[in-house]
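The chain below stands alone and is given as structure tokens, in the form predicted alone.
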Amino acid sequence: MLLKTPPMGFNTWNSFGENISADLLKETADAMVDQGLAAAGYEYIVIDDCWAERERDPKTGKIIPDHNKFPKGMKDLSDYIHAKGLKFGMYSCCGVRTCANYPGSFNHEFLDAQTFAEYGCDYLKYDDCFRPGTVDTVVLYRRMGMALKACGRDIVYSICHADRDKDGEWSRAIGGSLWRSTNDIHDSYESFMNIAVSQLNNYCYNYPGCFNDMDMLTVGMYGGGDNVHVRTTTGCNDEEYKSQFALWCLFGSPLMLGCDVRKLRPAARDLLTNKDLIAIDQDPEARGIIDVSCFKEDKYRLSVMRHLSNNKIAIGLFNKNGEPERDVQLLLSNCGLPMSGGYGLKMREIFSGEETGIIKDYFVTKIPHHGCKVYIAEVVKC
């Protein structure tokens, strides 16, 4: 399925791990609508690993939903989610077993794709664990791409391979809609900032049809959740979550929520439904990020820009490590605007609404520890 903009939705893994059920997913669908998330563009509800029985049906060979977690089956859940105006997503793996040791799709790709289509699946996250070492990874992802083409239903193909084989070079070609470019996220500032910095040179592979996936968001978790692989002792504060969401939007990553949206705090809800940030993420030109930091590999600051449609530019300035605040600079020459050109930037900060006037060559602003400022800018004559 060809996506024109990065997908937005929810995934069960970060907060719930194996502790999932039909009731949980139905309550999540209700909350997505009631909290205004669906209206903001979050439309996919994706079940991650741990949804199946431990073994396939011995007669049909099909993967069987866990009878205790999903007593009415997946079609009943899918129908409920669709009735809410949302879309339904599933998880599988190219190996013999999934990462949590449930049946994988190895040598069952066409059967599983057809099964997912029968459930009413709109999105498939396809992982890479327990893959036979003698089999080429790209071939297996290509195989599921063909199986999805043959299943008779449009299904978003989310390739989750952590960029082990230069995934950006082949994911779109084999039918992928998005590709995971990072290792797993944790609910900490260091985790999401390291992920963002690792992708600064990877955005030539982000374009309409196939998007660079920086993993599910931890915004709103605050150190909670059942999944010990993701949660941390304290999680992040609101200022840090603001930086995470701004980075994901500036980088044009898919926006898959990982918090328990049923218990979403007002500050997190307001951030996740910020229209300006979502518009940056969903910009139809889907252009990559540019690192315009004054000093490359700066341990303390990060400055990025992104060309948007309608002759706009997004600018993000981040204080990676400063107590209690730090000056973060923007050199317009790094953005492609030398003083000799006769043009500068006029900027509006999206959180405060502050307008800068015309910046000719240099801009500096104070940003709190682990915080950020994000600007919508336009090129103007000085």
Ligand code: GLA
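The numbering used is simple: start at 1 and walk along the sequence shown. Values in this document were obtained by computation on a predicted structure and should not be read as measured data.
This next part talks about the form predicted together with this ligand, which is not shown.
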### Task
Could you tell me which of 273-281, 246-254, 98-106, 140-148 sits within 4.5 Å of this ligand in the predicted bound form, going by non-hydrogen atoms?
98-106
### Task
Answer yes or no: in the predicted bound form, does this ligand come within 4.5 Å of a heavy atom in every one of 48, 180 and 216?
yes
### Message
So in the predicted bound form, is this ligand close enough to residue 16 to count as touching (4.5 Å, heavy atoms)?
### Response
no
### Task
Flag residue 127 as yes or no: does it have a non-hydrogen atom within 4.5 angstroms of any non-hydrogen atom of this ligand in the predicted bound form?
yes
### Task
Answer yes if any heavy atom of residue 184 is within 4.5 Å of a heavy atom of this ligand in the predicted bound form; otherwise answer no.
yes
### Task
Answer with yes or no whether residue 91 is in contact with this ligand in the predicted bound form, where contact means some heavy atom within 4.5 Å.
yes
### Query
So which of 160, 261, 305, 196 gets a non-hydrogen atom within 4.5 Å of this ligand in the predicted bound form?
160
